[in-house]
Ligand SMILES: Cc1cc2nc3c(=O)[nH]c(=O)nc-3n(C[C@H](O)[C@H](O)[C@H](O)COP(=O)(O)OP(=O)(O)OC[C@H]3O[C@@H](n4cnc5c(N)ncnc54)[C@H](O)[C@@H]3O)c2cc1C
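Next up: just one chain, as structure tokens, the form predicted on its own.
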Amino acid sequence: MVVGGGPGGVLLTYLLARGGARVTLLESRHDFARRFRGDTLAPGVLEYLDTLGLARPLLDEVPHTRSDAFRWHTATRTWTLVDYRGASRRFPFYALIPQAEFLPWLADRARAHGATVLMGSRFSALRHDAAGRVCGVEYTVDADRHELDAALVVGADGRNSKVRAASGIAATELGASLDILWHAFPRRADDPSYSGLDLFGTPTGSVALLDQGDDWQLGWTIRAGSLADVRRRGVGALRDAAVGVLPWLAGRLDDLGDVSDLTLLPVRITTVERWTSPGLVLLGDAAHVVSPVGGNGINLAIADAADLANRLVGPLRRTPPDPAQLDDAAAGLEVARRPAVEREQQAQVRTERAAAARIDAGDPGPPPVLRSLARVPGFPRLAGRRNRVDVPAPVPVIAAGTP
């Protein structure tokens, strides 16, 4: 039983079904529409999907854009901080694929392997057996209450996980320093070309520009918790900041009448005391919320799902599954994945604090150390290889399945 139809939950559902296990996915919404959510698939993730026979069909069938670098721009110069062209021979780029396109595409393949996908099904409670082990869930469809037994419940329901809250597992904020205000607007044929992942520094923050194919996605970085101050200054200040670094936007943001027209992403970096309890395991943002810094929240969730599928598919194919084996598999996920996630989170805390300090100082450029390293021949490509996100290879029973 998987609760939550984000990238980690849908991929885990697909992998278990492909490996011959019985699996049900609960998703509270009636569709997979996601706006301003992580949509950057790393080169290592694309390589993993390729081992499953998925990468080529995904890139052929689903609209997307590709970015081969992350660049930081100021009024006077541009730094290429990360170059992905050496990160993979087959996929030397990040693929920007909206979740609204990626998730239904993958869910259809999970259904084709026998997975049950229940849309519009809201998790409401965990069920426990006489020994206190989680043994299923309660959920509602419209006003109707339902129960479902499960050998193992996987909480993959995001940063505000109801499964985590119901389990009593405590979450701790690690201290995010930034928030982001997002806006999307149509792309025109004569718009300039960029790397696809670009950041434009201003004296009052930064403006991110993501290439979404038919649309541009614009994100203003602000100090965490400063939305009230931004409202007082008004949306005109945000428009001016964007046009100041992207002059071709003049007149393109006139539809913004108020700050409330933007979508706020409160950036969080969160850890939990543990990822598991008997009969239950958390993955992705339910276990570890990461900052958008690096664009790897979706990729870490996918790596979690791949690792957990490898551990679970064998025990779940047995009739009946052995609870002790399932709990061992869940515990193994945390042992294997937690160190890498915590390294990423610690780096993000440092990066965000430095970015907030530069906002306070009115410095539009990247951190001084990155300015220096960007000048070192080969460093951007080294950074690209380190940021590729490696995913555990699928076990044979999963790898042998049809895409």
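Only a predicted model underlies this, so the values are computations on that prediction, with no experimental measurement involved. Sequential numbering from 1, following the sequence displayed.
Another form, the form predicted in complex with this ligand, is not on view; read the next lines as being about it.
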The listed residue (311, 71, 159, 113) that reaches within 4.5 Å of this ligand in the predicted complex by any heavy atom is 159
Answer with one of 182, 93, 194, 79: the residue that has a non-hydrogen atom within 4.5 Å of this ligand in the predicted complex.
182
Spot the stretch among 118-126, 146-154, 317-325, 82-90 with residues whose non-hydrogen atoms come within 4.5 Å of this ligand in the predicted complex.
118-126
Non-hydrogen atom contact residue 298 with this ligand in the predicted complex at 4.5 angstroms
yes
is_contact(residue 37, this ligand) in the predicted complex, heavy atom dist at most 4.5 Å
yes
Quick check on residue 371: any heavy atom within 4.5 Å of this ligand in the predicted complex?
no
Contact of residue 56 with this ligand in the predicted complex (heavy atom, 4.5 Å):
no
Just give me the residues of 257-278, first to last, that have a heavy atom within 4.5 Å of this ligand in the predicted complex.
265
